[in-house]
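Shown next as structure tokens: one chain only, the form predicted alone.
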């Protein structure tokens, strides 16, 4: 609604995980570097943890976007509350294969992976919200990483999870074998104030705006950072509502009053 008034081509603060809006903060860039290195060198299992709204899903979509479709087949699990059989069936269907029989799912998945390897292809399985995946299904993923040559894994697994997953890995003896397979681990942290302001400017610029037609005052920026605690998703919620408030006032500077109105509108999310 407010895009034309602020000279924007797209809404800048949507919460959908669009890689085009990925802000290259130090911690997000570090996570991407580690994941790229691991995937490019077939290192096995990776884990990315971070609070709700910290950008895990956006990084996941960025990694998928970067995968070479000529040599890599990927599986994306966005609903990880799957039984062992449901997970194996999902892997097959995401790879474009028909389930031959529920009794032979494990053997079929292994055969498909080996056939892809023989054809010069590699399989990457990415799991979002991995903290809710049952132990038995996590074990299925670990066992799939047993498929390997002398120097490379045929299957790589990338887990994206909330911080409590680290506690679960550390305390549950059944997950010890999986924990030992995680060779790359990255933790996403909330933004500091300067990063919050750079993040806001970055998203405005990607949406086609500039600092003249969309300007957050210093007081508005500090308030948004404080109330969001530097969490990108909450920053998006607050900035979107603050832009709407400034639009209603027909003012291109987003002031503290707009940030306060945004906080009222966002309410229970904070």
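Note that the coordinates shown come from a computational prediction; the quantities given were computed from them, not determined experimentally. Residue numbers count along the first chain shown, from 1.
Here the subject shifts to the form predicted together with a small molecule, a form of this protein not shown in this document.
- At a distance of at most 4.5 angstroms from the small molecule in the predicted bound form, none of the three residues 112, 147 and 157 contributes a non-hydrogen atom.
- When contacts are judged by a 4.5 Å heavy atom cut-off, residue 165 does not count as touching the small molecule in the predicted bound form.
- Although the partner is absent here, residue 52 lies within 4.5 Å of the small molecule in the predicted bound form, judged by heavy atoms.
- Under a 4.5 angstroms non-hydrogen atom cutoff, the small molecule in the predicted bound form lacks residue 43 among its neighbouring residues.
- Using a 4.5 angstroms limit between non-hydrogen atoms, residue 17 touches the small molecule in the predicted bound form.
- Heavy atoms within 4.5 Å of the small molecule in the predicted bound form map, among the stretches 219-227, 35-43, 233-241, 63-71, onto 233-241 alone.
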